[in-house]
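Single chain ahead, written as structure tokens, the form predicted alone.
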């Protein structure tokens, strides 16, 4: 799956959780990606983050950083 598609999908998840406030949104985004994205998708978004993370919304970026540390 392309980085552009992963970015789009991650940002869509972020938009869904946006109304819940920063802390709940970041946790919700991270949980959703952890539960529903397969390991290849997570690996791809982690690689994109390592390359600078261009195009990721701030809450999404933070959620992915949190997942990467886990």
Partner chain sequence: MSLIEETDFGTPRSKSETMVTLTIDGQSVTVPEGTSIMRAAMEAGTKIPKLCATDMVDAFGSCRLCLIEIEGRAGTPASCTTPAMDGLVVHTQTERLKKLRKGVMELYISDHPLDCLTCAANGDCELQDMAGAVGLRDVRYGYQGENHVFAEAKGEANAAWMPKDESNPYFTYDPSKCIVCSRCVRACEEVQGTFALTISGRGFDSRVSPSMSESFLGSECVSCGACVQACPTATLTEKSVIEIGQPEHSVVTTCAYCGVGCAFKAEMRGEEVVRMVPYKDGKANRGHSCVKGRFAWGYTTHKERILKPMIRETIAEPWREVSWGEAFGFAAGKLKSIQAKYGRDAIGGITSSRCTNEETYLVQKLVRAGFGNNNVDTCARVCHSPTGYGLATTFGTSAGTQDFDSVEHTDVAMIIGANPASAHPVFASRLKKRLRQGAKLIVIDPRRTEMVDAPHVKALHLPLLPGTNVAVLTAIAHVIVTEGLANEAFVRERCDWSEFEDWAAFVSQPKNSPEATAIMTGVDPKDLREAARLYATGGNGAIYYGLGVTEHSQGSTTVIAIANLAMATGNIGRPGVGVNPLRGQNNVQGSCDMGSFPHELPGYRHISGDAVRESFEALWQVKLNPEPGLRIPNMFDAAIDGSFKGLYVQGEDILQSDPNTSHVVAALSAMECVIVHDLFLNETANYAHVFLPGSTFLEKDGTFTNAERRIQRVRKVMSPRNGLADWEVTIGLGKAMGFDMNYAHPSEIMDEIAALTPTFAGVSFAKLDELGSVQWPCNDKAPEGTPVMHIAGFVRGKGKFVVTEYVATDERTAPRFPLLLTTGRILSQYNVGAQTRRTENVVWHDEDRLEIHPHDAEQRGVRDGDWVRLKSRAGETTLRAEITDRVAPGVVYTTFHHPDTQANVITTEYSDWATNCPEYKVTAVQVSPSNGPSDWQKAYDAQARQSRRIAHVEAAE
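Fair warning: this is a prediction, and the values are worked out from it, not measured in the lab. Positions refer to the first chain, counted from 1.
What comes next is about the form predicted together with its partner chain, which does not appear here.
Colleague: Could you confirm whether residue 41 comes within 4.5 Å of its partner chain in the predicted bound form, counting heavy atoms only?
Modeller: Residue-level check for residue 41: yes, a contact with its partner chain.
Colleague: Decide whether residue 15 counts as a contact residue for its partner chain in the predicted bound form under a heavy atom distance cut-off of 4.5 Å.
Modeller: Looking in the predicted bound form, residue contacts with its partner chain include residue 15, since a heavy atom lies within 4.5 Å.
Colleague: Is there a heavy atom of residue 56 no more than 4.5 Å from a heavy atom of its partner chain in the predicted bound form?
Modeller: Output for residue 56 is no: heavy atoms all beyond 4.5 Å of its partner chain.
Colleague: Can you tell me whether residue 68 touches its partner chain? I mean in the predicted bound form, with a 4.5 angstroms heavy atom cut-off.
Modeller: Residue-level check for residue 68: no, no contact with its partner chain.
Colleague: Are there residues in 1-30 with a heavy atom within 4.5 Å of its partner chain in the predicted bound form, and which are they, in order?
Modeller: Residues within 4.5 Å: 1, 2, 5, 8, 9, 12, 13, 15, 16, 17, 19, 20, 24.
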